[in-house]
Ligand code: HEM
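Take a look at this single chain in structure tokens; it is the form predicted alone.
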């Protein structure tokens, strides 16, 4: 019996992950838009159980992190590994199987959350059977790419390959421990250790899953678009090893105002500030590679997205160490400032780079140009302006909340003051959702539409 959805085809795994990413971008941003509506008019949806804010919010975050951004980055990772190693993917059937497992995990995760089944921990809300499905998919991805690497013709392992394998390995283990998979009933442990474990995972899923894969794509795309060698391979490895050594232990800066052990707070704050080292190593290396060739980056839509993503990476990683300082966190924590920061890291940095990787690679795996360069440009500006709007509006709202609470105001008295910002957030959300819809149409038509003119091979 043949399974059509597992059929062998050139670049089939990458194509399937790209289409999955586009679909989940529409669904994930729509979930977020529904949540934004409830922050403006809580009674508008008549408290329909499966879209109340407590359910739609984790549906949004998980669909965006794992569905949209995760699928896009993983699809790019599969392409760049076998391209850089000059070896075909070990098994396209296994790759297709991981696509289905990944999508089923996100789908069932969204459905179970909508029904109220949750482990109630940040970015780890999915219940135990879905956790097992995610871990199995990650293990198969690693095996498939590892076997590809074993059969490689290119002996040099370019830094993008290092980041991909590190991202898969670290994600598997932080997901396993962060979701307390050994405790299926609750997906957690107890007391303060559970808070520490939860933020080891919650911060790590961004820094050790999304970040390595996004950086891998930037290291791949930028030298090709600029048509020059990477500025420094030594600097690239400095950035690689330093992020793996530093990032793993800084999640506790999210719980400085909880009874976290003082020694762990000091380590988390120190590590957060030290993150300036790997970030600087990456960005200096990438920007010196494109020195005098920024016009090249803006000449292609994939390059434009990746370049914008590096700028958001800089802003995210300047803000991160700043807000880990206790004197700053007194004002910025537990309010919309943190929401702005999270959007900047997930959508602004890794999400925008994922889109850049997709648009850069699509012509190379289809053998023809994008269905519409104009629609891709439209999506670029909708996402860029929308992200800038999100950051500005939510940062201002967060500062209003934080200063009000610092002066002794209660939560409910601050709500009228930030209502206008929630309205603006909702309006800006229209841009993001519109960009997602345009992207889905464009990517689908590029993959399955009528054949256009020939693209890059």
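Treat the numbers as computed from the prediction; the structure is a model and nothing was measured. Numbering follows the first chain given and starts at 1.
Below, we refer to the form predicted in complex with this ligand, which is not included among the displayed structures.
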| query | finding |
| --- | --- |
| Candidate stretches 136 to 144, 227 to 235, 281 to 289, 329 to 337, one within 4.5 Å of this ligand in the predicted complex by heavy atom | 329 to 337 |
| Contact flag, residue 402 vs this ligand in the predicted complex, heavy atom cut 4.5 Å | no |
| Contact label in the predicted complex: residue 316 to this ligand, heavy atom within 4.5 Å | yes |
| Residue 395, heavy atom within 4.5 angstroms of this ligand in the predicted complex | no |
| is_contact(residue 363, this ligand) in the predicted complex, heavy atom dist at most 4.5 Å | no |
| This ligand in the predicted complex reached by all of 60, 320 and 425, non-hydrogen atom within 4.5 Å | yes |
| Interface residue in the predicted complex among 199, 380, 240, 170, criterion: non-hydrogen atom within 4.5 angstroms of this ligand | 199 |
| Candidate from 346, 105, 166, 375 lying within 4.5 Å of this ligand in the predicted complex - any heavy atom | 346 |
| Contacts with this ligand in the predicted complex - residues in 119 to 139 whose heavy atoms fall within 4.5 Å | 122, 123 |
